[in-house]
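Before any questions on binding or motion, here is one chain by itself as structure tokens, the form predicted alone.
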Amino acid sequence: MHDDPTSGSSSRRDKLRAWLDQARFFTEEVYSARYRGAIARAQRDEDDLFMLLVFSEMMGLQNPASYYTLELQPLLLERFHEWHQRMGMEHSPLDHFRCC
């Protein structure tokens, strides 16, 4: 009937770890509570924009993002080659656009 001395320390360690996990959860909740509304609004705005872009063509509207993304093309041109190679394509997937 000898108790293993390490089992007592491991149970204390487990209790301490559980308490620290609860304390970490509580402090994260306290810190993020004031930002929940702003985060939810930003998420809703992103979802609304996504829905508009996805369903605009179906409703007969042109995609409004296509006009504004033309400004980004020179910036993304440098990264396009790395992107299509990372995706497993040896050559550009676009017939009218050669980068390599």
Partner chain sequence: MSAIVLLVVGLGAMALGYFVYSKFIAEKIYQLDPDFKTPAHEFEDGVDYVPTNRFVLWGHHFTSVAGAAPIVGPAIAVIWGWAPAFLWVVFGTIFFAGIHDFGAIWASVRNKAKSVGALTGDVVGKRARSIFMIVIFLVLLMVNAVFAVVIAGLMMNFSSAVVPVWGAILVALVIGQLIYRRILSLPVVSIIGVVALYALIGIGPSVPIQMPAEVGGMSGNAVWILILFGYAAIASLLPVWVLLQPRDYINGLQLFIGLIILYGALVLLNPTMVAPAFNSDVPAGTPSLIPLLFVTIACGAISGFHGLVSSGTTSKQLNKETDARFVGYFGAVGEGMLALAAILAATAGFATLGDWQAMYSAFGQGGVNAFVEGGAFIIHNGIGLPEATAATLLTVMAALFAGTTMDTGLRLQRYIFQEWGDIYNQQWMKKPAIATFLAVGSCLLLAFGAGGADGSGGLIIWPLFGTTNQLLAGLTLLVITVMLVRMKRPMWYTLAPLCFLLVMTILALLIQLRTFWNQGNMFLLVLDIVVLIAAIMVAMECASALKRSRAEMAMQKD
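Positions refer to the first chain, counted from 1. It should be emphasised that the depicted structure is a prediction, and the values quoted were computed from it without experimental measurement.
One more form of this protein exists, namely the form predicted in complex with the partner chain; it is left out here, but the text below deals with it.
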item: Interface residue in the model of the complex among E57, D45, E29, E71, criterion: non-hydrogen atom within 4.5 angstroms of the partner chain; value: E29
item: Contact test, all of M87, M89 and P93, partner the partner chain in the model of the complex, heavy atom 4.5 Å; value: no
item: P64, heavy atom within 4.5 angstroms of the partner chain in the model of the complex; value: no
item: Contact flag, R24 vs the partner chain in the model of the complex, heavy atom cut 4.5 Å; value: yes
item: 4.5 angstroms heavy atom contact with the partner chain in the model of the complex for Y35; value: yes
item: Contact of L75 with the partner chain in the model of the complex (heavy atom, 4.5 Å); value: no
